[in-house]
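Taking the form predicted on its own, here's one chain by itself in C-alpha coordinates.
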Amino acid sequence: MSVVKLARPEIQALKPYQAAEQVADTVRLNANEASWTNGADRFRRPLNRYPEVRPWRLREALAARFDCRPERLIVTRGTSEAIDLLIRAFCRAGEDNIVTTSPTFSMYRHYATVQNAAVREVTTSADTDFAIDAGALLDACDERSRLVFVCSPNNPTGATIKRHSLIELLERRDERSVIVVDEAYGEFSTEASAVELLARYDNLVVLRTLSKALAFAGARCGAALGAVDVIALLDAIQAPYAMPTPVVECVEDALGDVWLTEAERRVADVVAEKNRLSTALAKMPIVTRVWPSQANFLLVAVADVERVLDRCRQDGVLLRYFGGDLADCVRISVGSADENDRLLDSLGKACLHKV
(Lines give C-alpha, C1' and ligand atoms only; values in the text may rest on other atoms or scores of the structure.)
Protein backbone atom coordinates (compact mmCIF):
# COMPACT_ATOMS: atom_id res chain seq x y z
CA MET A 1 0.00 0.00 0.00
CA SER A 2 1.20 3.52 -0.77
CA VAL A 3 1.32 6.29 1.83
CA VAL A 4 -0.71 8.33 -0.66
CA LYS A 5 -3.75 6.67 0.96
CA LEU A 6 -2.98 8.84 4.00
CA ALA A 7 -3.59 12.01 2.00
CA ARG A 8 -6.86 13.90 2.14
CA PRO A 9 -9.38 12.07 -0.12
CA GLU A 10 -10.17 15.21 -2.09
CA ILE A 11 -6.46 15.69 -2.79
CA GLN A 12 -6.10 12.07 -3.91
CA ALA A 13 -8.89 12.71 -6.41
CA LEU A 14 -7.54 16.08 -7.55
CA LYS A 15 -6.40 16.40 -11.17
CA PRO A 16 -3.48 18.70 -12.05
CA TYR A 17 -4.29 22.00 -13.75
CA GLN A 18 -4.35 21.58 -17.53
CA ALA A 19 -2.31 24.45 -18.92
CA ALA A 20 -2.34 25.62 -22.51
CA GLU A 21 -0.21 23.43 -24.76
CA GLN A 22 3.37 24.60 -25.23
CA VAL A 23 5.10 23.65 -28.50
CA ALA A 24 8.29 25.23 -29.81
CA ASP A 25 8.27 27.10 -33.12
CA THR A 26 4.49 27.53 -33.25
CA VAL A 27 2.20 30.55 -33.28
CA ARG A 28 0.88 30.52 -29.72
CA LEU A 29 -2.61 31.95 -29.67
CA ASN A 30 -3.89 29.61 -26.97
CA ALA A 31 -2.68 31.11 -23.67
CA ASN A 32 -3.69 34.80 -23.75
CA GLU A 33 -0.03 35.85 -23.68
CA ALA A 34 1.37 39.09 -25.08
CA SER A 35 2.64 38.78 -28.66
CA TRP A 36 5.55 41.17 -28.03
CA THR A 37 8.53 41.14 -25.67
CA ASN A 38 9.18 43.80 -23.09
CA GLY A 39 12.25 45.96 -23.66
CA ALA A 40 13.56 45.02 -20.21
CA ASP A 41 13.48 41.31 -21.12
CA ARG A 42 17.07 39.98 -21.16
CA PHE A 43 16.48 36.27 -20.69
CA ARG A 44 17.07 33.27 -22.95
CA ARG A 45 13.40 32.34 -22.78
CA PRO A 46 11.16 35.32 -23.61
CA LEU A 47 9.14 36.58 -20.66
CA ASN A 48 6.04 37.31 -22.73
CA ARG A 49 5.46 33.55 -22.64
CA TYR A 50 4.51 31.56 -19.58
CA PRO A 51 7.26 29.31 -18.23
CA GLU A 52 6.81 25.55 -18.34
CA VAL A 53 4.13 24.40 -15.92
CA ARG A 54 6.90 22.25 -14.43
CA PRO A 55 10.49 23.05 -15.55
CA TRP A 56 11.65 19.68 -16.83
CA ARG A 57 15.29 20.54 -17.59
CA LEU A 58 15.68 22.08 -14.18
CA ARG A 59 14.04 19.03 -12.64
CA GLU A 60 16.59 16.79 -14.37
CA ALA A 61 19.47 19.00 -13.24
CA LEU A 62 18.29 18.98 -9.63
CA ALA A 63 17.75 15.22 -9.75
CA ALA A 64 21.35 14.82 -10.90
CA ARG A 65 22.50 17.15 -8.12
CA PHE A 66 20.63 15.23 -5.43
CA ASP A 67 21.19 11.75 -6.92
CA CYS A 68 17.64 10.60 -7.63
CA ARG A 69 15.39 9.94 -10.63
CA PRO A 70 13.64 13.04 -12.03
CA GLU A 71 10.18 11.55 -11.53
CA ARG A 72 10.98 11.30 -7.80
CA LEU A 73 11.49 15.07 -7.51
CA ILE A 74 9.35 18.19 -7.62
CA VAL A 75 10.93 21.64 -7.86
CA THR A 76 9.62 23.97 -5.17
CA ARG A 77 10.03 27.59 -4.10
CA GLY A 78 12.53 26.76 -1.39
CA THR A 79 11.86 24.04 1.16
CA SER A 80 9.14 26.22 2.70
CA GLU A 81 6.77 25.60 -0.19
CA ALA A 82 7.44 21.85 0.04
CA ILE A 83 6.49 21.89 3.73
CA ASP A 84 3.27 23.74 2.91
CA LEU A 85 2.38 21.34 0.07
CA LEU A 86 2.95 18.28 2.25
CA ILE A 87 0.82 19.55 5.12
CA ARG A 88 -2.00 20.66 2.82
CA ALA A 89 -1.92 17.32 1.03
CA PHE A 90 -1.90 15.02 4.05
CA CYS A 91 -3.58 16.84 6.94
CA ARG A 92 -7.33 17.27 7.27
CA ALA A 93 -8.10 20.53 9.05
CA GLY A 94 -9.10 19.96 12.64
CA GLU A 95 -8.40 16.22 12.50
CA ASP A 96 -4.81 15.29 11.66
CA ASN A 97 -1.51 16.23 13.27
CA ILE A 98 2.18 16.53 12.54
CA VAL A 99 4.98 15.40 14.86
CA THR A 100 8.34 17.12 15.13
CA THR A 101 11.07 18.03 17.61
CA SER A 102 11.57 21.18 19.65
CA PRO A 103 13.41 23.43 19.15
CA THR A 104 13.35 23.19 15.37
CA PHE A 105 12.47 25.14 12.21
CA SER A 106 9.35 27.15 13.04
CA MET A 107 7.74 26.79 9.59
CA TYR A 108 6.55 23.25 10.37
CA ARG A 109 4.34 24.67 13.10
CA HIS A 110 3.46 27.71 10.97
CA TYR A 111 2.08 25.76 8.02
CA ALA A 112 0.37 23.25 10.31
CA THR A 113 -1.41 26.15 12.01
CA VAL A 114 -2.46 27.58 8.63
CA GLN A 115 -3.98 24.16 7.81
CA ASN A 116 -5.48 23.84 11.31
CA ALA A 117 -3.50 20.66 11.92
CA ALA A 118 -2.34 19.93 15.46
CA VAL A 119 1.37 19.95 16.28
CA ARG A 120 2.98 17.39 18.60
CA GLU A 121 6.46 18.38 19.66
CA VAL A 122 9.15 16.24 21.28
CA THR A 123 11.52 18.36 23.33
CA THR A 124 15.21 17.66 22.81
CA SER A 125 17.68 18.32 25.62
CA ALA A 126 20.65 20.66 25.70
CA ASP A 127 22.31 18.16 28.04
CA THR A 128 22.45 15.57 25.24
CA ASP A 129 23.42 18.10 22.54
CA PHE A 130 19.77 18.14 21.39
CA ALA A 131 20.00 14.55 20.15
CA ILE A 132 16.96 13.44 18.14
CA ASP A 133 15.33 10.43 19.81
CA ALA A 134 13.37 8.19 17.43
CA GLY A 135 11.66 6.45 20.33
CA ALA A 136 10.30 9.73 21.69
CA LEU A 137 9.03 10.72 18.25
CA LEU A 138 7.32 7.36 17.87
CA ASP A 139 5.70 7.71 21.29
CA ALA A 140 4.33 11.11 20.25
CA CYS A 141 2.58 9.66 17.19
CA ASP A 142 -1.02 8.48 17.17
CA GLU A 143 -3.42 7.22 14.49
CA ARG A 144 -3.87 10.80 13.16
CA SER A 145 -0.14 11.57 12.81
CA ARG A 146 0.20 12.02 9.08
CA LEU A 147 3.65 13.63 8.91
CA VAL A 148 6.79 13.42 11.05
CA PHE A 149 9.20 16.29 10.35
CA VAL A 150 12.88 15.77 11.18
CA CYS A 151 15.24 18.63 10.37
CA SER A 152 18.72 17.12 9.99
CA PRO A 153 20.99 18.98 10.54
CA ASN A 154 18.46 20.65 12.78
CA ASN A 155 17.87 24.39 12.78
CA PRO A 156 18.75 25.94 15.25
CA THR A 157 20.65 23.22 17.17
CA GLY A 158 22.87 21.74 14.45
CA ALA A 159 22.12 18.15 15.56
CA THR A 160 21.48 15.31 13.10
CA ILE A 161 19.40 12.17 13.28
CA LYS A 162 21.46 8.99 13.23
CA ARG A 163 20.83 6.60 10.36
CA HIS A 164 19.62 3.75 12.59
CA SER A 165 17.14 6.11 14.27
CA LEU A 166 15.79 7.31 10.93
CA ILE A 167 15.36 3.73 9.73
CA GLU A 168 13.52 2.90 12.96
CA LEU A 169 11.13 5.79 12.29
CA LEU A 170 10.56 4.74 8.69
CA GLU A 171 9.93 1.10 9.52
CA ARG A 172 7.83 1.59 12.65
CA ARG A 173 5.57 4.20 11.04
CA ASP A 174 5.59 2.38 7.65
CA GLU A 175 2.18 3.07 6.03
CA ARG A 176 0.93 5.19 8.92
CA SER A 177 3.05 8.36 8.52
CA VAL A 178 5.21 10.12 5.98
CA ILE A 179 8.66 10.76 7.44
CA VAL A 180 9.97 14.10 6.12
CA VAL A 181 13.72 14.69 6.47
CA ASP A 182 14.59 18.33 5.92
CA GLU A 183 18.19 18.45 4.69
CA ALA A 184 18.44 22.19 4.04
CA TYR A 185 21.90 22.13 5.65
CA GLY A 186 22.89 18.68 4.43
CA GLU A 187 25.94 19.74 2.44
CA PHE A 188 27.66 20.91 5.64
CA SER A 189 27.13 17.60 7.44
CA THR A 190 29.33 14.53 7.64
CA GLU A 191 26.19 12.35 7.75
CA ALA A 192 25.10 10.64 4.52
CA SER A 193 21.98 12.03 2.88
CA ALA A 194 18.69 10.24 3.48
CA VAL A 195 18.16 10.35 -0.30
CA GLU A 196 19.92 7.01 -0.58
CA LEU A 197 17.04 5.44 1.38
CA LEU A 198 14.33 6.54 -1.08
CA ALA A 199 14.48 3.29 -3.05
CA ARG A 200 13.78 1.27 0.13
CA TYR A 201 11.13 3.37 1.87
CA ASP A 202 8.05 4.74 0.14
CA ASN A 203 7.09 6.74 3.22
CA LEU A 204 10.24 8.88 3.06
CA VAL A 205 10.32 12.43 1.69
CA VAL A 206 13.58 14.40 1.64
CA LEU A 207 13.71 18.18 1.31
CA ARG A 208 16.71 19.89 -0.28
CA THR A 209 17.53 23.48 -1.17
CA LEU A 210 20.01 25.62 -3.06
CA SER A 211 19.78 28.43 -0.50
CA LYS A 212 22.71 27.46 1.71
CA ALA A 213 25.48 25.53 -0.02
CA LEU A 214 24.99 27.18 -3.42
CA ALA A 215 24.45 30.68 -1.99
CA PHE A 216 21.16 31.00 -3.88
CA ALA A 217 18.72 31.92 -1.09
CA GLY A 218 17.38 34.80 -3.20
CA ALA A 219 16.40 32.44 -6.02
CA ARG A 220 13.96 30.54 -3.77
CA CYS A 221 14.61 27.15 -5.32
CA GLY A 222 14.39 23.83 -3.54
CA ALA A 223 13.04 20.35 -4.08
CA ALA A 224 11.02 17.59 -2.46
CA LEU A 225 12.17 14.03 -3.21
CA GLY A 226 10.06 10.97 -2.60
CA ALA A 227 8.05 8.11 -4.04
CA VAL A 228 6.70 8.73 -7.55
CA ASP A 229 3.06 8.74 -6.46
CA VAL A 230 3.76 11.11 -3.56
CA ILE A 231 5.51 13.53 -5.92
CA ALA A 232 2.57 13.28 -8.31
CA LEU A 233 0.24 14.19 -5.44
CA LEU A 234 2.27 17.31 -4.65
CA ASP A 235 2.41 18.18 -8.33
CA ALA A 236 -1.40 18.20 -8.45
CA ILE A 237 -1.71 20.88 -5.80
CA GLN A 238 1.30 23.06 -6.59
CA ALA A 239 0.40 26.25 -8.44
CA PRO A 240 0.95 26.12 -12.21
CA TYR A 241 3.98 28.02 -13.50
CA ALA A 242 5.38 27.99 -9.95
CA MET A 243 8.98 28.68 -11.00
CA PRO A 244 9.50 32.00 -12.83
CA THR A 245 11.60 31.98 -15.99
CA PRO A 246 14.42 34.16 -14.54
CA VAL A 247 14.77 31.78 -11.58
CA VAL A 248 14.78 28.71 -13.82
CA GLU A 249 17.53 30.13 -16.01
CA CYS A 250 19.78 31.36 -13.20
CA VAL A 251 19.46 28.05 -11.32
CA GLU A 252 20.24 26.08 -14.48
CA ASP A 253 23.41 28.15 -14.76
CA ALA A 254 24.28 27.66 -11.08
CA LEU A 255 24.07 23.89 -11.51
CA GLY A 256 26.89 23.92 -14.07
CA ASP A 257 30.00 21.97 -13.16
CA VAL A 258 32.19 25.04 -12.61
CA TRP A 259 29.79 26.55 -10.06
CA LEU A 260 29.17 23.25 -8.28
CA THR A 261 32.93 22.85 -7.88
CA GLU A 262 33.08 26.39 -6.53
CA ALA A 263 30.25 25.60 -4.10
CA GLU A 264 32.11 22.56 -2.76
CA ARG A 265 35.14 24.73 -2.06
CA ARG A 266 33.01 27.35 -0.36
CA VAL A 267 31.31 24.73 1.83
CA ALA A 268 34.74 23.49 2.94
CA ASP A 269 35.70 27.08 3.77
CA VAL A 270 32.54 27.50 5.86
CA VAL A 271 33.23 24.30 7.79
CA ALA A 272 36.79 25.45 8.50
CA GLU A 273 35.57 28.86 9.64
CA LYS A 274 32.91 27.23 11.81
CA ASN A 275 35.59 25.20 13.59
CA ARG A 276 37.75 28.30 14.09
CA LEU A 277 34.80 30.33 15.33
CA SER A 278 33.66 27.59 17.68
CA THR A 279 37.10 27.36 19.28
CA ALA A 280 37.38 31.13 19.68
CA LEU A 281 33.89 31.48 21.14
CA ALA A 282 34.48 28.73 23.69
CA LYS A 283 37.38 30.75 25.15
CA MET A 284 35.29 33.88 25.77
CA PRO A 285 34.20 34.58 29.36
CA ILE A 286 30.72 35.64 28.26
CA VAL A 287 30.13 32.36 26.37
CA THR A 288 28.94 29.50 28.57
CA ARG A 289 28.51 26.80 25.93
CA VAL A 290 28.99 26.16 22.22
CA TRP A 291 27.11 23.15 20.92
CA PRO A 292 28.52 20.93 18.16
CA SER A 293 26.92 21.69 14.80
CA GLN A 294 26.71 19.85 11.49
CA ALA A 295 25.30 22.97 9.79
CA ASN A 296 26.59 26.41 8.74
CA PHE A 297 25.76 27.98 12.10
CA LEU A 298 26.48 27.58 15.81
CA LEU A 299 24.08 27.63 18.75
CA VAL A 300 25.81 29.44 21.58
CA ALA A 301 24.76 29.99 25.21
CA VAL A 302 25.90 33.27 26.75
CA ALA A 303 25.90 34.72 30.24
CA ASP A 304 24.01 37.90 29.30
CA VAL A 305 21.94 37.68 26.12
CA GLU A 306 20.77 41.30 26.16
CA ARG A 307 24.31 42.60 26.53
CA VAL A 308 25.52 40.41 23.66
CA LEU A 309 22.68 41.35 21.33
CA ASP A 310 22.93 45.07 22.13
CA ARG A 311 26.70 45.20 21.75
CA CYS A 312 26.63 43.32 18.45
CA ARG A 313 23.77 45.43 17.12
CA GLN A 314 25.67 48.63 17.96
CA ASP A 315 28.62 47.26 16.01
CA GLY A 316 26.41 46.38 13.01
CA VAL A 317 26.37 42.63 13.63
CA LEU A 318 23.02 40.82 13.75
CA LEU A 319 22.53 37.52 15.60
CA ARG A 320 19.39 35.35 15.87
CA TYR A 321 17.55 35.16 19.18
CA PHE A 322 14.69 32.71 19.78
CA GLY A 323 13.74 33.02 23.46
CA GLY A 324 11.64 30.31 25.10
CA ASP A 325 13.69 27.24 25.93
CA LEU A 326 16.67 28.93 24.24
CA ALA A 327 16.37 32.15 26.26
CA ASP A 328 20.09 32.24 27.07
CA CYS A 329 21.19 31.38 23.51
CA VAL A 330 21.96 33.02 20.20
CA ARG A 331 22.33 31.36 16.83
CA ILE A 332 25.33 32.59 14.88
CA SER A 333 25.58 32.02 11.14
CA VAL A 334 29.14 31.38 9.99
CA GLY A 335 30.23 34.34 7.89
CA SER A 336 33.42 35.17 6.05
CA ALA A 337 36.67 35.31 8.01
CA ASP A 338 36.42 39.11 8.21
CA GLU A 339 32.78 38.96 9.35
CA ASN A 340 33.61 36.37 12.00
CA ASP A 341 36.51 38.48 13.25
CA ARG A 342 34.15 41.44 13.51
CA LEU A 343 31.77 39.32 15.59
CA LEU A 344 34.56 38.16 17.89
CA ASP A 345 35.70 41.76 18.36
CA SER A 346 32.18 42.80 19.28
CA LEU A 347 31.80 39.94 21.76
CA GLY A 348 35.14 40.91 23.27
CA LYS A 349 33.70 44.34 23.99
CA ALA A 350 30.62 42.71 25.55
CA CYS A 351 32.93 40.80 27.89
CA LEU A 352 34.28 44.17 29.10
CA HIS A 353 30.74 45.50 29.72
CA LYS A 354 31.27 48.23 27.12
CA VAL A 355 27.67 48.33 25.92
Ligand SMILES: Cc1ncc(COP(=O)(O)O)c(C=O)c1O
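As the structure is a prediction and not an experimental result, all values here were calculated from the model. In this text, residue numbers run from 1 along the sequence as written.
As for the form predicted in complex with the named molecule, it is not shown, yet the points below apply to it.
S.K.: Answer for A159 alone: is it within 4.5 Å of the named molecule in the predicted bound form, judged on heavy atom distances?
M.R.: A159: no, not in contact with the named molecule in the predicted bound form.
S.K.: Give a yes/no on whether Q238 approaches the named molecule to within 4.5 Å in the predicted bound form, heavy atoms considered.
M.R.: Although the named molecule is absent here, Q238 would stay clear of it in the predicted bound form, with no heavy atoms inside 4.5 Å.
S.K.: Please tell me whether any heavy atom belonging to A184 falls inside 4.5 Å of a heavy atom of the named molecule, as the geometry stands in the predicted bound form.
M.R.: So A184 counts as contacting the named molecule.
S.K.: Quick one: does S193 come within 4.5 Å of the named molecule in the predicted bound form, counting heavy atoms only?
M.R.: Flag for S193 set to no.
S.K.: Looking at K274, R88, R72, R220, which has any heavy atom no more than 4.5 Å from the named molecule in the predicted bound form?
M.R.: Answer to the contact question: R220.
S.K.: Work out which of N203, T100, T124, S211 lies within 4.5 Å of the named molecule in the predicted bound form, going by heavy atoms.
M.R.: It is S211 that has a heavy atom within 4.5 Å of the partner.
S.K.: Since the chain is shown here on its own, which stretch among 167 to 175, 247 to 255, 101 to 109, 126 to 134 would lie within 4.5 Å of the named molecule in the predicted bound form, judged by heavy atoms?
M.R.: Result of the contact check: 101 to 109.
S.K.: Looking at the named molecule in the predicted bound form, which residues in 142 to 176 have at least one heavy atom within 4.5 Å of it?
M.R.: Residues within 4.5 Å: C151, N155.
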